[in-house]
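Single chain ahead, by itself, as structure tokens, in the form predicted alone.
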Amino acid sequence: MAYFDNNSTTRPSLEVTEVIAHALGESWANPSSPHRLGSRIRAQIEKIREEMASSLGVSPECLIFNSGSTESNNTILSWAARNLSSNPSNILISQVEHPSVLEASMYYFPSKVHLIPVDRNGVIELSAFQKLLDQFQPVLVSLLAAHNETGVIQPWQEVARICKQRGVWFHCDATQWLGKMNLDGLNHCSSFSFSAHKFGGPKGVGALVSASPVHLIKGGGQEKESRGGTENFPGIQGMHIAWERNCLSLQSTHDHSEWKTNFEKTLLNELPGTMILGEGVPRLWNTSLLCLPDFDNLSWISRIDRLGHQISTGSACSTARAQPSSLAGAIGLDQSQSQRLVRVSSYIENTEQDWLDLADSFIAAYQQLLDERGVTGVITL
């Protein structure tokens, strides 16, 4: 059984789960308490903050521990609506942002959100971005580093440079970047967000890195008044282990793009009508979004699951609400195509043989679906 839904969430390593279990059993005191046990936990949290901040090239005061990217993205947009005021307070975001940016933007900046168009591959058009920058003079620009469904890499470093020159706050949703790509350049963003469970850490913990103090949750004074609520020390410690294992030590060693490329070539040859979204532009080494022939994505996923592989329809956040993501319309897919999208996303545990076996499962699933349709005229899940 090989797991290929890592852009949704990754498997924590045994080392991560063990350190969490130990922290739950031994380091359960409140970090804000003045006694020695609480003080020791507080000191450990600050040590982790310093180490992670140093690897990102930012000051420790800039790194706020929280529940992850959805909270971080909402926090920065709420803060911007209250503190980056102008008349009017326009903001720019791409057409293909994660719902935690897209929906939060519409909520905190009603009628002030302007979308940066993307091309057929889902990459923003820099010339259009610069025209919108001149036209609307936004107080904030938000752009994800890499798309969670296609793996397409955006020109976020160039956007960060342009925004810095213009004095515009630039927020980057780096959720899919960390743990897969090099950390260099993130410190040029005004703010960025990440979640531990995308790089082998536990769910429910992550961070917002911000050049200015921001806050959404008040009460208690934790995280230097930036984020009220007792810190999740077991989660922070588990995230730190995953950070060292997957964001630092393996940065240059776990890129196996050729395995994904060979998988895609096999499907293009064996499954007529298959399309690879974003095929012609730089993508994350682990991600492939397929528009498959003939059958809806749930039929494909069910069959491939029975054959021993877990894959996804795309964004888990959109799937949970039975709604399509913003991607399909932005890149010009019709309704039929959007219902045939399947995402494959590996991580460091996956081997070349896993990719080869996955390709075989797609081919076998296609034949099974064709055979069943020929016999009954109906596809069962």
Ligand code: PMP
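Here the structure is a predicted model, which is why all the values come from computation and not from measurement. Position 1 is the first residue in the sequence shown; the rest follow in order.
Form predicted together with this ligand: not shown, discussed below.
*95 to 103, 265 to 273, 289 to 297, 155 to 163: which one contacts this ligand in the predicted complex at 4.5 Å, heavy atom to heavy atom?*
Of the stretches listed, the one contacting the partner is 95 to 103.
_Is it the case that Ser69, even though its partner is missing from this view, gets within 4.5 Å of this ligand in the predicted complex, heavy atoms only?_
Answer yes; at least one heavy atom of Ser69 falls within 4.5 Å of this ligand in the predicted complex.
*Indicate whether Arg227 is a 4.5 Å heavy atom neighbour of this ligand in the predicted complex.*
Taking the distances in the predicted complex, the answer for Arg227 is no, it never comes within 4.5 Å of this ligand.
*Contact test in the predicted complex: Leu284 vs this ligand, heavy atoms, 4.5 Å*: Although this ligand is absent here, Leu284 would stay clear of it in the predicted complex, with no heavy atoms inside 4.5 Å.
*Look up in the predicted complex whether His171 has a non-hydrogen atom within 4.5 angstroms of this ligand, and give yes or no.*
Taking the distances in the predicted complex, the answer for His171 is no, it never comes within 4.5 Å of this ligand.
*Among the candidate residues Gln176, Asn246, Ser210, Thr150, which is the single one with a non-hydrogen atom no more than 4.5 Å from this ligand in the predicted complex?*
Flagged contact: Gln176.
*What residues of 189 to 226, in sequence order, lie within 4.5 Å of this ligand in the predicted complex by heavy atom?*
Ser195, His197, Lys198 sit within 4.5 Å of the partner.
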